[in-house]
Each structure stands twice: as structure tokens, then as C-alpha cells.
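Okay, so here's just one chain, in C-alpha cells, the form predicted on its own.
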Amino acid sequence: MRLLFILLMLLGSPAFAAPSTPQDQVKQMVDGVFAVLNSDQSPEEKRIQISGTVQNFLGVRSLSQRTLGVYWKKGTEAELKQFMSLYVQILERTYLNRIEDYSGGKVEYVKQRIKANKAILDTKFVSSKFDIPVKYKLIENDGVWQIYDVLIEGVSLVRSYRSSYNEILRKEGFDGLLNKMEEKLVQMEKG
């Protein structure tokens, strides 16, 4: 009974309350990432923890759908599921390989715009090495704001990947794209 009471208290506390705005949602993610970055863990332990933290805030289906564009409707459920899994792994490895670059930095929240179930949040990553504008595009699903695109210095993650992936899809179809994504992961694993 006491355990149930403690659990209910924790779930009702502000730390476990669902963020109410897109900025709250992104701030929760960023704070979690910086807590790991500033810890004494090894770089590999940091990567693993950050991966789990960030995945909770990504709208993987929405991100994938926007990246594939018109090809989304052409894929089977199995192909789309495999694409989403590979895509998240590639994104993680691409950005988490630069994990040490972001230690000691902070995020400034510049402006938030909400229209219906979509939002844009302008931020700036500031450190002794960088001063980088980062724009998050979010969509609300079941009361939770999820990231479906990130623009770093004006460059859209979705558009960048869509351009290269659509070219492969045109020439080689889903089988070709999925094979290339698996090859890319193997290369990234090797360093």
C-alpha cells in the first residue's frame, strides 16, 4: 500500500507531469540530454542513455513519413517498419558520434509558435565552440508534443534525407534503399 502511495505521488509530481507546451517538451528532452552529457559516464554509456532519452521525444512515424514523402504510401507495412527502425539508428549514430562537441553548452529558447496541433520552436545552441540556431518542428499526438523535423542552421533534417532517399527509391525501390541503409549502419559501426 505504501509503495502504491509513493508511486502515485511521483506520477503526480511536476517532474513526471506531461509537458504542456512544445517548449516544455523540448526543454525536458534537452535537460535530460545535458544531464547525461555532463555526467562522468564513458562516451559509449552517454550515447546509450541519450539515445533512449531522445527517442521518447521523436515522432518517428511522422518523421519517417515526411522523409519518404510520396513513397510512404508505396511501401508495405513491413518495409515501412524496417525503414523507421533503420532511419532512427542512422540519425542516432550520425548525431551521437559528435557527442563530445556538445558538452558544456546550453540551449537558449528564442521563440515558440503554435498553430492547431503543430508548433515551431526556435532555439540556439551556445557553447565556447558554437553558436548554432536550431529550429524544432513538433506535432501534438494524444496530448504529447513530438519532434518531426529539426532545422540546424536552416538545413532541414527531413529535406536532406528525403532528397537522397527519394533518389535511391526511384532507381532501386524499397529493397535498394533498405539495403543501402543497412550498409551505411555497418560502415558507421566500423567508424
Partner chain sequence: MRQIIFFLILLTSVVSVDLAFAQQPEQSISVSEVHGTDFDQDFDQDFDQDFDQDFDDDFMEEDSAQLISDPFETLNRGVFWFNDKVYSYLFKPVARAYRIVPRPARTSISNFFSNLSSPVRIVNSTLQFKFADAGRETTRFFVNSIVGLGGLVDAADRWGKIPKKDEDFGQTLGVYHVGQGPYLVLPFLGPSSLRDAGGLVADSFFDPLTVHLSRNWNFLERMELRAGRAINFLSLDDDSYEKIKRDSLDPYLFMRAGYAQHRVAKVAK
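Residue numbers count along the first chain shown, from 1. Owing to the predicted nature of the structure, the values given are computational and were not obtained by experimental measurement.
Beyond the structure shown, there is the form predicted together with its partner chain, which is absent from this document and is the topic of what follows.
Out of the listed residues Asn166, Gln28, Gln146, Ser51, Asn166 is the one that sits within 4.5 Å of its partner chain in the predicted bound form by at least one heavy atom. Taking non-hydrogen atoms only, Lys46 never approaches its partner chain to within 4.5 angstroms in the predicted bound form. Of the heavy atoms in Asn141, none are within 4.5 Å of its partner chain in the predicted bound form. Although the partner is absent here, Ser85 lies well away from its partner chain in the predicted bound form, with no heavy atom inside 4.5 Å. Using a 4.5 Å cutoff between non-hydrogen atoms, Tyr161 counts as a contact of its partner chain in the predicted bound form. For the three marked residues, Thr94, Ile114 and Met181, a heavy atom of each sits within 4.5 Å of its partner chain in the predicted bound form.
Heavy atoms closer than or equal to 4.5 Å to its partner chain in the predicted bound form belong, across 48-77, to the residues Gln65, Arg66, Gly69, Val70, Lys73, ordered by sequence position.
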